[in-house]
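To begin, one chain is listed below as structure tokens, in the form predicted on its own.
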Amino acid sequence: MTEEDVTRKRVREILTEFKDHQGALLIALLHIQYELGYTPEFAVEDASAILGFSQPEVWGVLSFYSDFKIGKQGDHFIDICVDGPCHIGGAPGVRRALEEAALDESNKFEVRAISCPGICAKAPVVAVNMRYHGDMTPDKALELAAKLD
């Protein structure tokens, strides 16, 4: 049995616990989110089949509430400011380098664009697991990413 098979089995077990409860979609999806740390995309199809909601209704709940993370997330997060000073300072090149590296790292880290953290004098800025680093270059960013375990 693959990891995805095990996860899907657990998702179906959780959904089945809420099968005969009126209006249980939100709470069932929250249970999945809390247990797994994310909501697998196949949960939409499974919730629709088990709980009797349409797939657009399930997607509507998942996309309306910002707490839901759809799909497995990276083990670490590298946020890069994409606002004016960071953009001018070279953030697009840093972002490209990190995104290319993330493709090769299989969920080791996820690159996210953020808005200004307020340290423009150090632009461009990245945050590795919410620790900020300034005066970033593509090479420096890749060095930070390589240190993640």
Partner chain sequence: MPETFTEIKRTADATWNEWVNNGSPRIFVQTNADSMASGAIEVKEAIQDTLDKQKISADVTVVGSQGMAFAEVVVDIIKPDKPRITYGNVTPENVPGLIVDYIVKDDPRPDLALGTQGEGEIDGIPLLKDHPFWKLQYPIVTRNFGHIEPGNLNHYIAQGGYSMLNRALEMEREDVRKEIESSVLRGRGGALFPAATKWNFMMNAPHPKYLAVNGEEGDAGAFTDKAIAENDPHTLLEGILISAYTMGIDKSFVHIRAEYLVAVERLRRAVHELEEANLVGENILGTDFSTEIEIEATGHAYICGEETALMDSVEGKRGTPRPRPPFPAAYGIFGRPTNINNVKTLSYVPAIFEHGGEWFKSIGVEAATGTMFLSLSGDVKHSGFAEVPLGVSLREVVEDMCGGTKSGTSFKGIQTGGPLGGGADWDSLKDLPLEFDPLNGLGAPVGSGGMMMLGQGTCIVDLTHNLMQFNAAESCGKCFPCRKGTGHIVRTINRVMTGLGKMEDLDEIVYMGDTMRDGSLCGLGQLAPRITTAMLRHFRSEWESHLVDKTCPAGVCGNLDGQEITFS
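Residue numbers count along the first chain shown, from 1. As the structure is a prediction and not an experimental result, all values here were calculated from the model.
What follows is about the form predicted together with its partner chain, which we do not show.
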Though its partner chain is not shown, can you say which of 88, 103, 49, 113 has a heavy atom within 4.5 Å of it in the predicted complex? 88
Report yes if all three of 108, 138 and 146 come within 4.5 Å of its partner chain in the predicted complex by some heavy atom, otherwise no. no
Considering non-hydrogen atoms and a 4.5 Å limit, does its partner chain approach residue 131 in the predicted complex? yes
Contact with its partner chain in the predicted complex for residue 45, defined as at least one heavy atom pair within 4.5 Å: yes or no? no
Is residue 55 close enough to its partner chain in the predicted complex to count, meaning some heavy atom within 4.5 Å? no
Hey, in the predicted complex, does residue 37 get a heavy atom within 4.5 angstroms of its partner chain? no
Residues within stretch 17 to 31 having a non-hydrogen atom within 4.5 Å of its partner chain in the predicted complex: 21, 22, 23, 25, 26, 27, 30
